[in-house]
Ligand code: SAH
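Okay, here we've got a single chain as structure tokens, the form predicted alone, with questions on binding and movement later.
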Amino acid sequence: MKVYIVGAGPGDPDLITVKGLKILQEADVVIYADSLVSEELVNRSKPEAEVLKSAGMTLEEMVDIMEARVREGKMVARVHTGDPSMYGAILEQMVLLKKRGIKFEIIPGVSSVFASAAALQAELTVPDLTQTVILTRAEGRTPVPEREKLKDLASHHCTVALYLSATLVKKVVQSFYDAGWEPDTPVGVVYRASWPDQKIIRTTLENLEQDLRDNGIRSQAMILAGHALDPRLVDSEDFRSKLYDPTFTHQFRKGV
């Protein structure tokens, strides 16, 4: 037996992977981030499973439970929101599990950045516009390395996805301005992507702070910035990939 670190997806219980759901339904013990993971999803675990909320636990308390249950021969599902590899605080869990000789496996999930892009009906990598997406967060109580300051990352002028940054929007906007972004740069914000109370805001860099304030958004929001977020792109035929261009030859088709 081992610990399965499962990505639950962004909120919608149907956005967990097939493999992740299978693990959840087979697990003897389910430990989940109760402030972020859907109760409806957790209720899909088997009736006799031991279900524990992790919000009130320390790291050591949580790992103690994982270790004890695995040594009892039980299968443990540690359920995280989104994808565990993005701001999931899983490394510290893996360190202790490995130190204690407990095997673990990570099951990836749908990150909120992709649920947000879907809600906004946006392609984050538009041909001839941008082919790069930077996933980051603004610096607050949690520091970022000096070489990863938002101003420097934004200087690439590609699509930027900001996790955990809604309370730092003033700093975010200034960092983009310092990197040379224009006030009318498109921005999309999705609050609680894929949840029933999801809220979508389409705005610009200059109006971002006010629009978040007007909508009372200070947490659980993904901020996507860059020209790929321009809603007018769906009315243009100027951006086409080579893959489906009739003049382009590739492995499966000869161009004309």
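The first residue of the shown sequence is 1; numbering continues from there. Predicted model, so just to flag it, every value in this text is computed and none were measured.
Keep in mind that the form predicted together with S-adenosyl-L-homocysteine is missing from the display, and what follows is about it.
> Given that the partner is absent here, state which listed stretch (219-227, 203-211, 64-72, 49-57) has heavy atoms within 4.5 Å of S-adenosyl-L-homocysteine in the predicted complex.
Single hit among the candidates: 219-227.
> According to a 4.5 angstroms non-hydrogen atom cut-off, is L129 in contact with S-adenosyl-L-homocysteine in the predicted complex?
No, no contact at 4.5 Å.
> Using 4.5 Å between non-hydrogen atoms, is S111 touching S-adenosyl-L-homocysteine in the predicted complex?
Heavy-atom contact with S-adenosyl-L-homocysteine at 4.5 Å: present for S111.
> Can you work out whether V190 and S-adenosyl-L-homocysteine are in contact in the predicted complex, taking contact to mean some heavy atom pair no more than 4.5 Å apart?
Close contact exists here: in the predicted complex, V190 approaches S-adenosyl-L-homocysteine to within 4.5 Å, heavy atoms only.
> Is there a heavy atom of Q93 lying 4.5 Å or less from a heavy atom of S-adenosyl-L-homocysteine in the predicted complex?
No, Q93 stays farther than 4.5 Å from S-adenosyl-L-homocysteine in the predicted complex.
> Heavy atom within 4.5 Å of S-adenosyl-L-homocysteine in the predicted complex: which of M86, A179, V133, A118?
In short, M86.
> Let me know which residues along 8-45 have a heavy atom within 4.5 Å of S-adenosyl-L-homocysteine in the predicted complex, or say none if there are none.
The stretch 8-45, when checked against S-adenosyl-L-homocysteine in the predicted complex, contributes only P10 at the 4.5 Å heavy-atom cut-off.
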